[in-house]
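The chain that follows stands alone, in the form predicted on its own, written as structure tokens.
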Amino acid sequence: MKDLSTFIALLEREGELNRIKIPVSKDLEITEITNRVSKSTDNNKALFFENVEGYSIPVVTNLFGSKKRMALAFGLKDLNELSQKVEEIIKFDLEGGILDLLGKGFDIFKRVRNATSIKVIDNPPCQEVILKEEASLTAFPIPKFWPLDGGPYITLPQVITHNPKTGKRNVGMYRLQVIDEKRLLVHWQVHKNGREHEEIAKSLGIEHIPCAIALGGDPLCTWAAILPLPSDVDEYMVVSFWRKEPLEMAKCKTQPLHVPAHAEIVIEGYIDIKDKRLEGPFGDHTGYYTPTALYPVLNVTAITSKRNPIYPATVTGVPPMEDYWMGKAVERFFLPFIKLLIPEIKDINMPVFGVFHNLLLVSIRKRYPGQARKVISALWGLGMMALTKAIVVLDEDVELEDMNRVFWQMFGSVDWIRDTILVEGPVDELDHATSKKCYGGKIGIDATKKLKEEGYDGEWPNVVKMTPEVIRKVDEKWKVLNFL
């Protein structure tokens, strides 16, 4: 799936796209329509705004805003298949004959080779139109999303920079506030790899960081920009790894960078780390406005695009919104890797109301006392999981998507003095509740069945449930019961 148009066509065939033909303002109206649709239980579709007032370029929102649409971006029928597919790829066992082993090894080698190489093409679609001196951000329908926002915002970008020391590429999704026709503000938070590039540049005496902003292309390129990968691990490698082929790239016209060749729009420029201005407010995915703060300016040196581009955007706000499903795909993708590091984990779930960093539910196969505490500590030491404010560990028989079961099990299994861990540490920069910026309290809750060694004096009670035999008999009679 090379480009956005192909993905949109797929969504339309699957009945997952609504075309909006009436005139709509890019400011606030697109948000209100998308917000209502995102929260709908029976009409949650991607939205293609064909008639944006004052612009010939259409806007598309809510592309990834459901379990089905996020799965379709991967070429899957169900998003739960994602974990299974990744597990199949990374699980290399010694079962089978020599031909089986060679086949498995070759498949992994091919995927790694494709992921670590790119294919630079001439005359790429993203450069059908090339504007340099005459480039203007005002030519594109960049929306203002919420009433108190500081201005129009680019919200679904792939922000591409290179580590000034190592030259390694990073792709991040950082919101970009429009100042004027040739300048943007780059909101990269303190925990993000792009922000690390700024700090490295400062230490090296470098004032300008080359940058490119890609919009559209393979939908997985957009999704990959939110991946919490370690520093100097290229997010586009994940796209090539999944697609089993090198990602087609294009050389920028004014910056020493490469961008996805099938992007709809590419903004080239440089970030002046000494030129910082107030960015915000912005109606963020937490459901609250992020206050103003100083962030660096990106100066535009060129804008290239397809001849008839589509402008992609995402609307953030009070959940549930599109970003939840993008995050759910990240959760499903990384679960097999987490289980490699912490084998007792059966499943994880980051519920929509937790807005990613506020709550993580975990089910484990418990074998020994203190194991839930061990898992909590391990997760807090695992990359961006360090920012999680609350981790709740439950037994393996708890279905984590069933919130009634989760909360019933948790509140019925916890002695708050015995089973809670309170610590201080790093928290998400968008967390407005902490007393100090980026630093605050976190809680771990052991909601598993307690063992005697954990201070439980007695026998843990059995859950009330029916026998399999009676369940089977009633299943047979259920369809003929006259009250149905």
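Start at 1 with the first residue shown and count on from there. Bear in mind the structure is a predicted one, so any value in this text is a computation, not a measurement.
Below: the form predicted in complex with a small molecule, not depicted.
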**OP:** Classify residue 296 as contacting or not contacting the small molecule in the predicted bound form by the rule of any non-hydrogen atom within 4.5 angstroms, answering yes or no.
**Re:** no
Original post:
So in the predicted bound form, does residue 189 come within 4.5 Å of the small molecule, heavy atom to heavy atom?
Top reply: yes
**OP:** Using the partner position in the predicted bound form, report whether residue 171 sits within 4.5 Å of the small molecule, counting heavy atoms only.
**Re:** yes
Subject >> Contact label in the predicted bound form: residue 252 to the small molecule, heavy atom within 4.5 Å >> reply: no
Original post:
Among the candidate residues 349, 314, 158, 304, which is the single one with a non-hydrogen atom no more than 4.5 Å from the small molecule in the predicted bound form?
Top reply: 314
Subject >> Candidate from 218, 268, 235, 198 lying within 4.5 Å of the small molecule in the predicted bound form - any heavy atom >> reply: 235
Original post:
Looking at the small molecule in the predicted bound form, is some heavy atom of each of 193, 226 and 323 within 4.5 Å of it?
Top reply: yes
Original post:
For the chain seen here without its partner, which of 218-226, 369-377, 201-209, 77-85 has a heavy atom within 4.5 Å of the small molecule in the predicted bound form?
Top reply: 218-226
